[in-house]
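Form predicted on its own, single chain, as structure tokens, below.
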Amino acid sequence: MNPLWLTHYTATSSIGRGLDQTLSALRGLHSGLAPCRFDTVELETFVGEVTGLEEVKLPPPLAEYDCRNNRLAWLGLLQDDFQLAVRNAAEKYGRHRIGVFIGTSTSGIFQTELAYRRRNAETGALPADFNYRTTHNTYSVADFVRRCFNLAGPAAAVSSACSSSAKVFGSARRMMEAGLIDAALVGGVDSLCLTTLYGFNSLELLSSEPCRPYDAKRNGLSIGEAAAFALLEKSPQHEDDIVLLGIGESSDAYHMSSPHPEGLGAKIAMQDALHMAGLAPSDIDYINLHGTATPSNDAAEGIAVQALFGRNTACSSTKGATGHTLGAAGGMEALISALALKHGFMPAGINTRQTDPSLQLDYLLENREERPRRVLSNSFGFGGTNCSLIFGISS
């Protein structure tokens, strides 16, 4: 693989708007998880909610895209001068030569949930002002981002559950390798809705406390929401740009919602990422684990990591800070990995009190102030859709 460079990036979640707030929260071991007060939900669980989305206003030309998910996307795009970077890239390459690839799982389904509350009592018809195409539709957020910048290159939404916004890096790489585009805007956006909260509750996967990945007494996940974006280019624009070295994807299709018990698909994805990067397991300094804090997911990933890397590679899950942001998790954690590389630390897995003794890993309970040179980030979704990304620094 020819290296690709993250020349600009930004992240917004419950731990902060933009990179500075995100970095400060990670360094300060702060969590964005709080008791669920979202909409009408009555569940004893914690969520990573981005506050203030109700007040976010989309630009008038894009008003038809108004929904919680696209408001979160817009809020994310406003941070870290990201819009300026994309517009400069469009001038450099031409708007037809920049692709848009956005991962999401539920997209704007909350807008449909709201619309169903306003159905006609006699006919059951949805309200006339409900626009499925520009709100609920999975492609809505990719189309919204494309239209924000008047880009005209290939655009796609990837919806492969929790690996969605990791797999967009693979989609962008293939388009760039094929010579169809010169740069790509990649990322992920997923927002809170009743479908995911009650759906995960029905699977008995929600924790009644802030999630504790890899803890001996972990008992479920905490759902969060996030918007994360990166601009991928074929050459660096700054001396400290982060480089994407390898991508590994697999689909083990073991079970609709449970991972292979020995982490078979996870192991294949990590091996393929290493192979593409031309690296050995010993070359990885830190692993940002998928780490959802469910008993089976952490066990499967832990077994796969130990089989491939042994017990001495530093690792942690940052979902104790952000919650599990579902379709945005891959992008959010890719950018957390970039922050770790750029700022010279390995983030702790907060909330975890006592690591699971059956999973013999170098799991970080405190930030490690060492500069990693290469980081692997894991994202594994329902149905066995797995993706591992390897990032590095150039000097």
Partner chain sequence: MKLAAYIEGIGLLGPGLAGWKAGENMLRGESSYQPQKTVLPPPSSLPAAERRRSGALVKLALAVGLEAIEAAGLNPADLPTVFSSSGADGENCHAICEMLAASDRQISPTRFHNSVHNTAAGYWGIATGSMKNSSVLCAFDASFCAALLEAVAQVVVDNTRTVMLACDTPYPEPLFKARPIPEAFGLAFVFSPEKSASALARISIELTEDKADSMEGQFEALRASIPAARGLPMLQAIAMRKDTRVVLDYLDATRLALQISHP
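Worth saying up front: this structure is predicted, and the values here are computed from it rather than measured. Numbering follows the first chain given and starts at 1.
The next section is about a form of this same protein that is not shown, the form predicted in complex with the partner chain.
Considering the partner chain in the predicted complex, the lone stretch of 80-88, 316-324, 145-153, 290-298 in range is 145-153 [heavy atom distance within 4.5 Å].
L180 is the sole member of L180, A307, V243, A216 with a non-hydrogen atom lying within 4.5 angstroms of the partner chain in the predicted complex. Checked against the partner chain in the predicted complex, the candidates A157, I284, I303, A277 yield a single residue with a heavy atom inside 4.5 Å, and that residue is A157. Using a 4.5 angstroms threshold between heavy atoms, G16 stays clear of the partner chain in the predicted complex. Residue contact with the partner chain in the predicted complex: A273 places no heavy atom within 4.5 Å of it. Using a 4.5 Å cutoff between non-hydrogen atoms, G265 counts as a contact of the partner chain in the predicted complex. Though the partner is left out of this view, R174 does reach within 4.5 Å of the partner chain in the predicted complex, counting heavy atoms only. Every residue in the set L194, S250 and T385 has a non-hydrogen atom no more than 4.5 Å from the partner chain in the predicted complex. Contact residues in stretch 95-132 (any heavy atom within 4.5 Å of the partner chain, taken in the predicted complex) are H96, I109, T112, E113, Y116, R117, R119, G124, A125, L126, F130, Y132.
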